[in-house]
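Presented below, as structure tokens, is a lone chain in the form predicted alone.
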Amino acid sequence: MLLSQEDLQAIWLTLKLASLVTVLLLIIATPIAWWLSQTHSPLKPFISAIVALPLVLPPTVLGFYLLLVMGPEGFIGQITNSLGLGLLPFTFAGLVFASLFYSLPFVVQPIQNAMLAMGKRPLEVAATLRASPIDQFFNVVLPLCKPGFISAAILGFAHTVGEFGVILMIGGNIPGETRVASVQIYDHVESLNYANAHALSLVLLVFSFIVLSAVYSLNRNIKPSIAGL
């Protein structure tokens, strides 16, 4: 069965959300991953736990606390209200903000692992050539860790596409504003419209398979490339 206009709208909104969140997460996650891969600070276990918390925390729990924080009595809600931006819950901006937290570990960890696999030697060699820390990062770290960044981008994008619990808690179910593909499937099932639910689910199933195949192919090539340095 062909996808309905509402299905196509939900897919477009999902791709828009996932693309924006992925770009923002790469910017946010890179310094976090670099610090975690280089530091020996006693705070490292606690920061690592905070970053990885969405991996084990039920999405509804995370969504509930984000809803409180972004509400009229919450810290972020008071800031957005004072800036004239209104409240974030039940808006597309609220979905972006919540998705940044929920997908953060899926972007930080691949980048951090790539930086750890790189080791210290490339940076030591660059330092002997009098490369500044900024030069070392952009000319040594980024090229060597490219597979990790690609894996992080793919996983962050795919995880955002598959969000449901946090999305439903923060965004609700507003057509064209917060109704993403996962919520659209939920609507189809609730209304016993299994044909449309099957069609949209099949799109996400094929997408997920392609994403996982790409990630496994990249991971297979990371170790040989690092080992050959």
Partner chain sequence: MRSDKNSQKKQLAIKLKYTASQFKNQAVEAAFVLQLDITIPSQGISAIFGPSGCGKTTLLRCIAGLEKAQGTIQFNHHIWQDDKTFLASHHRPLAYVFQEASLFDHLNVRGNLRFAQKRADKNGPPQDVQHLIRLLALEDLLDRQTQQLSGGERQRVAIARALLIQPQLLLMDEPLASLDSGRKQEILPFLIKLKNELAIPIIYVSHDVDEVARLADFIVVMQQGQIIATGPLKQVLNDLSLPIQLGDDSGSVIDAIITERDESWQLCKVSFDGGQLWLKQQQNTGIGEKVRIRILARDISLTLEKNTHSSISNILPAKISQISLQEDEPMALIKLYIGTTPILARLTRRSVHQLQLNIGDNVWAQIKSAALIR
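If you're wondering where the values come from, they're calculated on a predicted model, not measured in any experiment. Residue numbers count along the first chain shown, from 1.
Note that the form predicted in complex with its partner chain isn't included here; everything after this is about it.
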Exercise. Do V96 and its partner chain come within 4.5 Å of each other in the predicted bound form, heavy atoms counted?
Worked result: no
Exercise. Would G74 show up as a contact with its partner chain in the predicted bound form if we use heavy atoms at 4.5 Å?
Worked result: no
Exercise. Applying a 4.5 Å heavy atom distance criterion, does V125 contact its partner chain in the predicted bound form?
Worked result: yes
Exercise. For A131, is any heavy atom within 4.5 Å of its partner chain in the predicted bound form, or not?
Worked result: yes
For this session: Heavy atoms, 4.5 Å, its partner chain in the predicted bound form: which of 148-156, 83-91, 117-125, 98-106 makes the cut? Say which one.
Result: 117-125
Exercise. Are D135, V140 and P143 jointly within 4.5 Å of its partner chain in the predicted bound form, each by at least one heavy atom?
Worked result: yes
